[in-house]
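One chain comes next, on its own, written out as structure tokens in the form predicted on its own.
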């Protein structure tokens, strides 16, 4: 499945959420991660993220696409999230 996750969390939790999502998905913009993942790792990621947030203050949006062939992505401007090489 292909997953897009967006979040709006208190700044005290941003780093923790970002770190958890980076372990499973690709960062594409501020507060946006996406990528192809199987159900097991996705559920683990979701559980980890939801253990960090405060449901009274924060929000997480999951967009789950069962068939990634149905996604057409168009990017205007510089594409981010292409950090495969670190020095």
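Residue numbers count along the first chain shown, from 1. Every value quoted in this text rests on a predicted model; they were computed, and no experiment measured them.
Unshown form predicted together with another copy of the chain; subsequent notes refer to it.
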Worksheet item: Is there a heavy atom of residue 23 no more than 4.5 Å from a heavy atom of another copy of the chain in the model of the complex?
Response: no
Worksheet item: Quick one: does residue 11 come within 4.5 Å of another copy of the chain in the model of the complex, counting heavy atoms only?
Response: no
Practice prompt. Tell me, yes or no, whether residue 46 is in contact with another copy of the chain in the model of the complex, where a contact means a heavy atom of each within 4.5 Å.
Written response: yes
Worksheet item: So, in the model of the complex, is residue 29 in contact with another copy of the chain at a 4.5 angstroms heavy atom limit?
Response: yes
Item to complete: Determine the residues of 47-72 with a heavy atom within 4.5 Å of another copy of the chain in the model of the complex and present them in sequence order; the list may be empty.
Response: 50, 53, 55, 56, 57, 58, 59, 60, 61, 62, 63, 64, 65, 66, 70, 71, 72
